[in-house]
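As structure tokens, one chain now follows by itself in the form predicted on its own.
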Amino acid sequence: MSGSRGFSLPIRVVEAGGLSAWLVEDHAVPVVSVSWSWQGGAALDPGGQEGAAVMAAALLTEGAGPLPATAFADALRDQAIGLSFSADRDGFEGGFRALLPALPEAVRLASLAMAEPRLDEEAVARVRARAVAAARRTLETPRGQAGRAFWAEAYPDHPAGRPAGGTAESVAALPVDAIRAALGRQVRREGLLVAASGAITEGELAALLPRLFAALPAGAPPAAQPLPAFRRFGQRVLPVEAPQSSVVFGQAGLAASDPDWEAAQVMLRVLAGGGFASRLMQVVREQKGLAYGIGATLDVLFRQAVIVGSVATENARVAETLAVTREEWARMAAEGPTAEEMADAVAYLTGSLPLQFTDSRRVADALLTLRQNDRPPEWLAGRPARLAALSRERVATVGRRLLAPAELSVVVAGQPVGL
């Protein structure tokens, strides 16, 4: 690695056993991290079985093969192995981090978890209770209700509009066979994206890959339903008894592969993503004292980004907060950023890049994200130069292309005055 403006990682592509992995080799610390994923996740859950993929992922570390949950956890702990699985709206991920002497055991346990999950009754009951409680907790807050309603309105006929973890009702009703079926369609030998980092050579990684995945059933997960266009829905108010309202707002963004991706990041950093430096924070908090914080970001799902923001404020101030937000949306679309704002945003995005790669696990996860968004290996090395080459005019053009107050869709959960 080098300084931020010349930041790069020596990414190597390793092929073995029909699999392709990206590797950043670093022997400074005797640790190896491997991350992998499949497309699918909650998007593959059948109607009425929402939450199956998330439950299945949680159960993969709750016992496998001859090892019940406690014995499996002991085996991981004894070797200081961190192994985890997760599912979200559009993908299913796994990964481990292990000290070099424990690497063979990490591979063995990860492979066993994927190939021979036990799904014991006690483990299923425990994970189910946790998932039901989490689903209920989400709906206990105005923020949780607003977020759930936002996605349901934006994608009413697509799995992206459903909570990835399901509802309390759907999770409580999930039969074990549905969880096992979720694993069967998702955890396959093909369709894999793999990334690794740490004290491992290309040859060692090539030997590891077949051992890690060879026991999985052949074939790839089924393709998820294509993501439709974001549906503009205007403004929705959910009556919730609370002294504050929670607001989720957003609109269609752009594809992760769009050539204007970095210009959009700079534009959004200036408008809504720059902490106290962003225009929305300056007006909403610093000038008018309407809310403690407000921001928006690019949320990527199915390789397509949606601009999503949030704010919480007193019920009496919601209308003014939304009016100010729309004014700033319109001002960015009309004027673009100033030269000073541009310079600050580019400096931040360039300088903060190395912070994503401070340990082997973060490097492996970041490489995996690049692969999930169809980036080539050289994309990372070229990012500082692409950011530096952006002109104010190009960023302003992206603002005009993406932003307009009429494009914003808003969900308010609370008792807002005047809406």
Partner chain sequence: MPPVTRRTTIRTAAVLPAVLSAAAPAAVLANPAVQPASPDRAAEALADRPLFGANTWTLSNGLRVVHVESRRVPVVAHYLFYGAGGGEDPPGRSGVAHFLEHMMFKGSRNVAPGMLSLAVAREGGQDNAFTSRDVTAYFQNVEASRLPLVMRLESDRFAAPLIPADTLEPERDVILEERRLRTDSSPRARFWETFEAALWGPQHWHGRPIIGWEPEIRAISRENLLDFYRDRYAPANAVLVVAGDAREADVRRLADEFYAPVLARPYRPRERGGAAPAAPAEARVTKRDGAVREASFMRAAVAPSLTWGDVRHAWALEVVAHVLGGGQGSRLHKALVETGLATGAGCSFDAEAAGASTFTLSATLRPGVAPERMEAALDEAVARLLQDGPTEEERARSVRQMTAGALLALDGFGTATRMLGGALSIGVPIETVEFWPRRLREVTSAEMAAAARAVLGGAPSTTGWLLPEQPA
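Numbering follows the first chain given and starts at 1. Source: prediction; values computed, not measured.
The same protein has a further form, the form predicted in complex with its partner chain, not shown here; the description that follows concerns it.
Visitor: Which listed residue (Arg108, Arg303, Arg130, Arg180) meets the criterion of a heavy atom within 4.5 Å of its partner chain in the predicted complex?
Guide: Contact check passes for Arg130.
Visitor: Since exactly one of Ala330, Ala115, Ala223, Ala347 fits, which has a heavy atom within 4.5 Å of its partner chain in the predicted complex?
Guide: Only one listed residue qualifies here, and that residue is Ala347.
Visitor: Please tell me whether the candidate spot formed by Pro217, Glu262 and Glu393 is one where all three residues come within 4.5 Å of its partner chain in the predicted complex (heavy atoms).
Guide: No: none of Pro217, Glu262 and Glu393 comes within 4.5 Å of its partner chain in the predicted complex.
Visitor: So if I measure heavy atom distances to its partner chain in the predicted complex, which of the stretches 253-261, 188-196, 67-75, 172-180 falls within 4.5 Å?
Guide: Correct option: 67-75.
Visitor: Is Arg386 near its partner chain? Define near as a heavy atom within 4.5 Å, in the predicted complex.
Guide: It does not: once its partner chain is placed as it appears in the predicted complex, Arg386 has no heavy atom within 4.5 Å of it.
Visitor: Taking its partner chain as it sits in the predicted complex, is Glu122 near enough to touch it, meaning that at least one heavy atom pair lies within 4.5 angstroms?
Guide: Flag for Glu122 set to yes.
Visitor: Does Arg269 make contact with its partner chain in the predicted complex, using a 4.5 Å heavy atom cut-off?
Guide: Although its partner chain is absent here, Arg269 would touch it in the predicted complex, with heavy atoms inside 4.5 Å.
Visitor: Test of understanding: in the predicted complex, would Leu99 fall inside 4.5 Å of its partner chain by heavy atoms?
Guide: Contact check for Leu99: yes, within 4.5 Å of its partner chain in the predicted complex.
Visitor: Heavy atom within 4.5 Å of its partner chain in the predicted complex: which residues of 277-291 meet that condition, in order?
Guide: Residues within 4.5 Å: Ala277, Gln282, Arg285, Glu286, Gly289, Leu290, Ala291.
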